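In the block that follows, a single chain appears as structure tokens, in the form predicted on its own.
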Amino acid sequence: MIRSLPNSRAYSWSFNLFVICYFIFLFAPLLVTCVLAFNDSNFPSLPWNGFSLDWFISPGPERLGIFHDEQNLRSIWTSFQTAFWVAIMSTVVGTCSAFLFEQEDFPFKNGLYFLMLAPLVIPGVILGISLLLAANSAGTFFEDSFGIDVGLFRPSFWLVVFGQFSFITTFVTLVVSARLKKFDSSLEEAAMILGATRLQAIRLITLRYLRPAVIGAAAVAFLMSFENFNTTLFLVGSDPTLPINLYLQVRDGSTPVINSISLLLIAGTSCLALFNLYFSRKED
């Protein structure tokens, strides 16, 4: 809809109704989940039986709140550790890749760029299976050829980290590259004319300009890793991440503690998004 052109009242009402319905469809399930986290019921669903904080603070044994649930707390900590390392590695490598793809004389640039984008079009299930088979094949090769049992090639924490890193780095590269394309390279040239080295010019000028994009990309990488399920399902070891643990609980039947976990995740994600938005506007 072009705002500068006149529109009929029916069109305006239809457009506004569509926007309202869209946001209701988007946020209504989240609102229901948050409300049911305080429901005084043994089932994570309606009807509403009254307000209760049992699913947050109850020590058990009849009702076990999230703050006393060691299994769920352990899976949250595992997801946090995984997301932390994936965010760090993806941000460093993705930022370096963005610089690399901006070089005009970089050989095989188009081919490598296509390979970098390949994980985006591969379904997460296929990617997870492929990574698992590749790791198992490499582990079998080292064990048969050299008699070495490499723990990294078995389903484990670090295999999940490297598996998520393999495709989340692509998102970081695209985010940083989008801002790097707007950078005026003459600023670096002016700094080097004034006596700065190339590394000093990049550190003091280019990276400062890219800081909002780098921080935003790191936040996106952290959230993508924290909530990843498809790829992680095939690579996880004895310590499941939170999405895997929730899937196992829902499959076997669970309590409203799942709603309380969802509420905490929604609150944490919202705070992180607002912090990123505030920081980006402040930098701009």
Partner chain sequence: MKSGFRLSFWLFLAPVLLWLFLLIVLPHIDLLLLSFRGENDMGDLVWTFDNYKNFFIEPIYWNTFVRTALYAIVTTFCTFVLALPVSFYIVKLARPRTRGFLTVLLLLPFWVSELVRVYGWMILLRESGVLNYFLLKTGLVQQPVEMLYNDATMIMGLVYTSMLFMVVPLISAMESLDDSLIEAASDLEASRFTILRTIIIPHCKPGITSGAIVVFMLALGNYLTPNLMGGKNSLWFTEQIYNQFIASFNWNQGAAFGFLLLLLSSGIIWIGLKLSRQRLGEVAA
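Fair warning: this is a prediction, and the values are worked out from it, not measured in the lab. Here the rigid core means the biggest group of C-alpha atoms that line up within 1.5 Å when the two forms are laid on top of each other. Residue numbers count along the first chain shown, from 1.
One more form of this protein, predicted together with its partner chain, exists but is not displayed; see below.
Visitor: I'd like to know whether Asn259 contacts its partner chain in the model of the complex, with contact meaning heavy atoms within 4.5 angstroms.
Guide: Heavy-atom contact with its partner chain at 4.5 Å: present for Asn259.
Visitor: At the 4.5 Å heavy atom threshold, is Leu152 in contact with its partner chain in the model of the complex?
Guide: Leu152 lies outside the contact set for its partner chain.
Visitor: Can you tell me if Phe106 lies within 4.5 angstroms of its partner chain in the model of the complex, counting non-hydrogen atoms only?
Guide: Taking the distances in the model of the complex, the answer for Phe106 is yes, it comes within 4.5 Å of its partner chain.
Visitor: Taking 4.5 angstroms as the cut-off for heavy atoms, does Phe67 touch its partner chain in the model of the complex?
Guide: No, Phe67 sits far enough from its partner chain in the model of the complex that none of its heavy atoms falls within 4.5 Å.
Visitor: Ile148, Ile215 and Ala218: each with a heavy atom within 4.5 Å of its partner chain in the model of the complex?
Guide: None of them does, since no heavy atom lies within 4.5 Å of the partner.
Visitor: Please tell me which of Phe165, Phe80, Tyr209, Phe157 lies within 4.5 Å of its partner chain in the model of the complex, judged by heavy atoms.
Guide: Comparing distances to its partner chain in the model of the complex, the residue within 4.5 Å is Phe165.
Visitor: Quick one: from Leu187, Leu73, Leu204, Leu133, grab the residue that has a heavy atom within 4.5 Å of its partner chain in the model of the complex.
Guide: If I apply the 4.5 Å criterion carefully, the residue I get is Leu133.
Visitor: Using a 4.5 Å cut-off on heavy atoms, what residues in 116-143 are near its partner chain in the model of the complex?
Guide: Residues within 4.5 Å: Met116, Leu117, Pro119, Leu120, Val121, Ile122, Pro123, Val125, Ile126, Leu127, Ile129, Ser130, Leu131, Leu132, Leu133, Ala134, Asn136, Ser137.
Visitor: Superpose the two forms on their rigid core, then report whether the C-alpha of Val35 is displaced by 2 angstroms or more between the shown form and the other one.
Guide: Comparing forms between the shown form and the other one, the Val35 CA shifts below 2 Å.
Visitor: For Val250, state whether the C-alpha moves by 2 Å or more between the shown form and the other one after rigid core superposition.
Guide: It does not reach a 2 Å shift.
Visitor: If I superpose the two forms on their rigid core, does the C-alpha of Ser45 end up displaced by 2 Å or more between the shown form and the other one?
Guide: Shift at Ser45: 2 Å or more after core fit.
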